[in-house]
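Here we start with a single chain on its own, the form predicted alone, put down as structure tokens.
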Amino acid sequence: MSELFRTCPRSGLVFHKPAETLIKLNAVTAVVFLAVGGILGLLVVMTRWPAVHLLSSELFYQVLTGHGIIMLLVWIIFFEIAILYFCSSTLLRSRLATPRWAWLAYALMLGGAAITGVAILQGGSSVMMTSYVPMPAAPHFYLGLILFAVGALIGCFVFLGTLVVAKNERTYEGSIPLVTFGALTACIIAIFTIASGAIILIPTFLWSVGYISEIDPLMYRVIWWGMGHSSQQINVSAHVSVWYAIAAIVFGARPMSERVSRTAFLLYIAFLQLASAHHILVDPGVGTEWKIFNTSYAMYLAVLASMVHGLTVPGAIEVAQREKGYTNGMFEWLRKAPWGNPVFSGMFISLVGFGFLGGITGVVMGTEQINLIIHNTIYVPGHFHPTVVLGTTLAFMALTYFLVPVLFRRELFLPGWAKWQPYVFGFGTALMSLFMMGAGTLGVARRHWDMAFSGAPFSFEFGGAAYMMMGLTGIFGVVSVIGGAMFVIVVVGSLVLGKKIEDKSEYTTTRPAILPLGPAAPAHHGKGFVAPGTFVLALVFLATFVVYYFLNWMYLSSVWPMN
């Protein structure tokens, strides 16, 4: 069984049987957790909506803890493990290294997630995802996270082992493909992230059972954010890889410059985790020199990498479209793109939303001085919803629409829903995020159950605009959840009720042919930029960034008036 392969007649992809089973299992488990996290997210939204205010304070923090852990860690990392196996075994036409270890990784991740979930449901562990000490959770809350992290770490090593197997058995020519290179970037960042989590969560677990008397809160925050925010950098590397993959799948697009794209991924490894700094810029636990370096020079190099990907992915699509004859005007290549195909529309909405909403606001939050006026306001989740939800989650949804027929050999259930789902989900999430950031700019607290501080000894009354922003956050949060529910229904329905595809491919012991070198992008000998439409869109992005950046400096100047 371990040496059985099949070739998908629809896509030409080669699946190693144990890898195919594990990809399916991790992906399906991820979607189940996405559904659970979405339900919890709806409860959070309906409570922060002032006119509804659904949950009690105790229940709200319990639900918020579960929502954060499931959506920021469990759903995404399960799906990312599936992507790692796909990018190594399938894309390189290689057998998966040590399938038994991969099964152990899955069991540890599932068991760890279940243990932490039980701790949250039992009460007494409503410490939210950050679980800041000295606020304690039950010991099995930390134990579950540790087991989950160990499982994910094993999955990363299985991925690295598969790369070694593919190299030794010469299943491909030349360098690994760019998509696999991006997955390797995500894997390296994941190992750093998990190591940071182990360094702080293992002592915290021992503290929770009484073996350690004290955990220093400042030390905890600094090290924990090495895991908490770096986990998002795994997501960035993974969903950028998905962008490149979908550009190739839908358009046959080739990177404008593989060398430049690979360099941008390398910049992620060196600098992207330093974005964790924006969570601790008001902390005395790190020095001024460290803050200045991380919010200037280092951050600019991480931003440069994302801007490279933001230019090269749509640029590669534009070049591919122009080669097919869509050369009339600046944007015919974009107008004639397959907007009814959820694989493409989900990817492109993810790209635009991540860049304009997540990227620009991330740079603003990472500026030491501006950070002071939005730190710990609801602006913070207003920023990471475009990154984690609009960027990563929607990109993973788009890839799923491709994998359901190819991997599960089922036609999509409710294809009309699938066509509209990226728009409903993207529209709802984008506007929810915008209004959250608007409310945060007006000072609404990030985590407080009641923005009105009802019954507090020192009350504060927000203006009507803040209540309006939070009301609109609630409305479009519901729209976002509806879009997420549409995805879950389509995927689950496809697996259960979808029409079986007549796929006559069989598993055989015949080794697949060596993956040949991909064709190079054609040389451009004409005048001007090879992708002028993309260049114009990049200028629009730059102008938006400049305007918004200096608007925030204006807001800062109003906080400290000079007399």
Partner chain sequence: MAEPVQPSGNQKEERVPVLQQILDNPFLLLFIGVVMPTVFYILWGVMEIVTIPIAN
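Numbering follows the first chain given and starts at 1. Quick caveat: nothing in here was measured; it's all calculated off a predicted structure.
The following text describes the form predicted together with its partner chain, which does not appear among the structures shown.
*asked:* Between its partner chain and Tyr423, Gly474 and Val488, in the predicted bound form, does every residue show a non-hydrogen atom at 4.5 Å or closer?
replied: Contact check failed for every one of Tyr423, Gly474 and Val488.
_To test your reading of this chain, name the stretch in 375-383, 82-90, 284-292, 438-446 whose heavy atoms come within 4.5 Å of its partner chain in the predicted bound form._
Residues of 284-292 come within 4.5 Å of the partner.
*asked:* Quick check on Glu173: any heavy atom within 4.5 Å of its partner chain in the predicted bound form?
replied: The answer is yes: Glu173 has a heavy atom within 4.5 Å of its partner chain.
*Taking heavy atoms only, is Ala277 within 4.5 angstroms of its partner chain in the predicted bound form?*
Yes, Ala277 is a contact residue.
*asked:* With a cut-off of 4.5 Å between heavy atoms, is Ser126 one of the residues that contacts its partner chain in the predicted bound form?
replied: Outside the cut-off, so no.
*How about Phe192: is it within 4.5 Å of its partner chain in the predicted bound form, going by heavy atoms?*
Because a heavy atom of Phe192 falls inside 4.5 Å of its partner chain in the predicted bound form, the answer is yes.
*asked:* Within 4.5 Å, heavy atoms only, which of Val222, Ala97, Leu407, Ala430 is in contact with its partner chain in the predicted bound form?
replied: Here the answer is residue option Val222.
*Work out which of Val209, Val164, Leu304, Ile202 lies within 4.5 Å of its partner chain in the predicted bound form, going by heavy atoms.*
Filtering the options by heavy-atom distance leaves Val164.
*Across 451-473, which residues bring a heavy atom to within 4.5 Å of its partner chain in the predicted bound form?*
Not one residue comes within 4.5 Å of the partner.
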